[in-house]
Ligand SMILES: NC(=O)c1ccc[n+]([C@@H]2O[C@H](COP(=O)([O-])OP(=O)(O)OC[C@H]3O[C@@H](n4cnc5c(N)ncnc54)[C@H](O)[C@@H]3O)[C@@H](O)[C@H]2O)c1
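A single chain, nothing else alongside it, follows as structure tokens in the form predicted alone.
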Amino acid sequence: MSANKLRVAILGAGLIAPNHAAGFQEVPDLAQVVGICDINRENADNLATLFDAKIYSDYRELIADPDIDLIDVLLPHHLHYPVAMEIIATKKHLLLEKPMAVTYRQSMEIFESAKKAGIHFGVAENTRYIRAYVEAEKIIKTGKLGDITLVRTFLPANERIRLSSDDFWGKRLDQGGGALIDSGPHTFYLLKWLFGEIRELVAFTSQLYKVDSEVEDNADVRGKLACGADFLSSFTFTAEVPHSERLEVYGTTGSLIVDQLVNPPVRLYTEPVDFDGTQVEGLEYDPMGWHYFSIVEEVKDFVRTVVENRPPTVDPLDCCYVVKVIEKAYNSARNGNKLVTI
């Protein structure tokens, strides 16, 4: 690392890259993006103009460049493992987009290799930086909800156009899967963070768009948390609504509803006849910005992790665990919706 700033390269200039770029732009005293790499030259050019950064057409050239300290990997899921392992071998710091990999074994190998290399390694899991969930954690910790009995989550997305696109990698089975592996990391990280581990689960998947896609575009996973509560998590690529997330937490003395498409986005209910609930103060209704700003914050925090030489806020081991849960869910769905233990 240079004496003044962390020299950063972004590997993958697709859909989510501008959000990551904005995170680096907000810490100009700590980091500078000096390199951009993408097989799509137009995408690379557009992103590079924000920083006057060097453009690489070959990711191996970027990885080998001694003038780069940290690489932010924003590639298709199935490329995370091989590319991460190459970066770790050079002992550059690594920020890796979720999911860590497409198998639990690969995820653990990335984690152990990064630890052995002595680099700073983080997973770009923005869930930890969504303000509504941060406030939910505070409320749950106060005990206002009593014993948690049921947790429900829903991640709706509209991927109809991308699933019919010839250049969308996420519709092929050999590249990881569909809604479950794409959206599941957020939910299963959220459950692990707020409520602990999953004890057992059963999963169901289905496919609505079958003409151009090979993957599931709807999935439901239900089971039991180690804390004793039931959970039900739903994922879809077929919802004709803006991108959003919903969390419902039901306890013996209260309930909490988080929904990014509802104004206000967080309400607390403490009685059966409490029809209006209580608005959680300090949270603005921002259906366009909540997702963007959480990604910006995750990037800024990881930069500070490296500069301050501290552990990442998002524990990579939790992200390994998330891949294990997804792997178990796929096994359940593919084996007649069999109940599996984690």
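These figures come from a predicted structure and were not determined experimentally. Numbering starts at 1 and runs along the sequence shown.
Another form exists, predicted in complex with the named molecule; not displayed. Remarks below refer to it.
Let me know the one among Ala64, Met288, Leu50, Ile39 whose heavy atoms come within 4.5 Å of the named molecule in the predicted bound form, would you?
Filtering the options by heavy-atom distance leaves Ile39.
Ala9, Cys319, Ile326, Ala13: which sits within 4.5 Å of the named molecule in the predicted bound form by any heavy atom?
Looking at the other structure, the residue within range turns out to be Ala13.
With the partner left out here, if you bring back the named molecule in the predicted bound form, are Lys92, His120 and Val314 all within 4.5 Å of it by some heavy atom?
The answer is no: none of the three residues contacts the partner (heavy atom, 4.5 Å cut-off).
Can you tell me which of 73-81, 134-142, 247-255, 112-120 lies within 4.5 Å of the named molecule in the predicted bound form, counting heavy atoms only?
That would be 73-81.
Would you please decide whether Asp259 lies within 4.5 angstroms of the named molecule in the predicted bound form, comparing each non-hydrogen atom pair?
So Asp259 does not count as contacting the named molecule.
Any of the heavy atoms of Asn43 lying within 4.5 Å of the named molecule in the predicted bound form?
Asn43: yes, in contact with the named molecule in the predicted bound form.
For Val306, is any heavy atom within 4.5 Å of the named molecule in the predicted bound form, or not?
Contact with the named molecule, no.
Whether Glu97 contacts the named molecule in the predicted bound form should be assessed with a 4.5 Å heavy atom distance threshold; does it?
Glu97: contacts the named molecule in the predicted bound form.
At a 4.5 angstroms cut-off on non-hydrogen atoms, which residues of 105-132 are near the named molecule in the predicted bound form? List them in order.
Heavy-atom contacts within 4.5 Å come from Ala124, Asn126.
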